[in-house]
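One chain follows as structure tokens, the form predicted on its own.
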């Protein structure tokens, strides 16, 4: 019986091939758009996250409790070497570095600005961040550098300094003393993030320890994981292990370190969801219109079938089978086309000519790449299948209410 119903459904689909092909094309187009756009969104999110964490924050940071909110110089990791050994042994960790920072006044001969002075480990920092590749003038810090500094492009412009010029740092040490020192600009970096380039000075950790009387403490152990997916597991392992090494430490992931980025991703997801809903509703109404027209055109046929003893349920099942055939073929075509288009652009990328400046503001490359995944390939197709299945319910119910005499007599 099921085979007969399927055969009848297949034959009925191709009774009006133009209408059936247009319906399947609309389903395929919806599937293609959903697969590509979801892959595009997920790929752009990964690019945004990786760009942001590689410039400064890392995937995880080990800090003293409360430091992220208050940024007080006295809130330190007292035993960074012992904590670093735990981090090195933790499964899923790729690399790490230590940093310390203090808000200070930075002065040149002509001007003074407030900035964040960051002490970095010149040996380990290049493995954690892309800062070394962002140096546009001069060179990156070396392990044996003394009182030398890297400075952001916008801060260098505001201070009117260049490579080789001297700047003065004035702040407060960990012990409450005045921290003051002169350092020479060794390099000027440009990350593309204006706030970072406008307010950051980086000096070797040894110099920072001496100037700010840190007594061996640091503010952050910046951790880079093997992949973005491994971050939650690494965070859990570190959070359970570190209390045995030093009390009062917390492990923050990139979501906690960059809530603004998380909010921008959430807003983009919401706007994308609205677009997808509108697209799917258009397809659903297309399917609904197709089957309503089919029912009106075939009303006499259904009336004759009912008069010959066919049940309304059987005719409804045939209508549902027709919908299944068209939807299935449309979704299959959409998945194949969507995957093909996505894989092409995943290999070649999409360049945004003219938008380079805006992308640099967010630390993004000029060429973006979608990322095809099982989730992006199945969610779109599944949603289209679900919505179109609901769309055919109303036409099927109309068939259940048909009476043979009325159906035959209404057709002239």
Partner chain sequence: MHTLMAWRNIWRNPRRTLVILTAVVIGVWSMIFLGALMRGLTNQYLEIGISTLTGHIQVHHQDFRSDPVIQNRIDRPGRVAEALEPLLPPGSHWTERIRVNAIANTARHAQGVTLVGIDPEREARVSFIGGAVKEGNYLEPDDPYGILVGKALAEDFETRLDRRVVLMSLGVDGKVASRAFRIRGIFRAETEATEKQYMFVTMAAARDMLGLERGVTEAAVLLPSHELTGKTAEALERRLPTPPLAVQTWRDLLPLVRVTIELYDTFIFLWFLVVFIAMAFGIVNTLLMAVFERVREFGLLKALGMRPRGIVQGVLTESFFLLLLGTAAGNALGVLSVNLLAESGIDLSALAGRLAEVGMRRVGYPQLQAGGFRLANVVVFVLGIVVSLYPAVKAARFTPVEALAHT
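Residue numbers count along the first chain shown, from 1. Keep in mind it's a predicted model, so treat the numbers as computed, not measured.
The same protein also has a form predicted in complex with the partner chain, omitted here; what follows describes it.
Only one segment in the set 55 to 63, 342 to 350, 375 to 383, 25 to 33 has residues whose heavy atoms sit within 4.5 Å of the partner chain in the model of the complex; it is 25 to 33. Note on the partner interface in the model of the complex: the residue among 147, 140, 113, 196 having a heavy atom within 4.5 angstroms of the partner chain is 113. Contact with the partner chain in the model of the complex, judged by any heavy atom within 4.5 Å, is made by just one of 180, 127, 105, 82: 105.
Heavy atoms of residue 270 reach within 4.5 Å of the partner chain in the model of the complex, making it an interface residue. A residue is said to contact a partner when one of its heavy atoms sits within 4.5 Å of a partner heavy atom; residue 243 fails this definition for the partner chain in the model of the complex, lying far away.
The partner chain is not drawn, but in the model of the complex it has no heavy atom within 4.5 Å of residue 91. Residue contact check for residue 157: one or more of its heavy atoms lie within 4.5 Å of the partner chain in the model of the complex.
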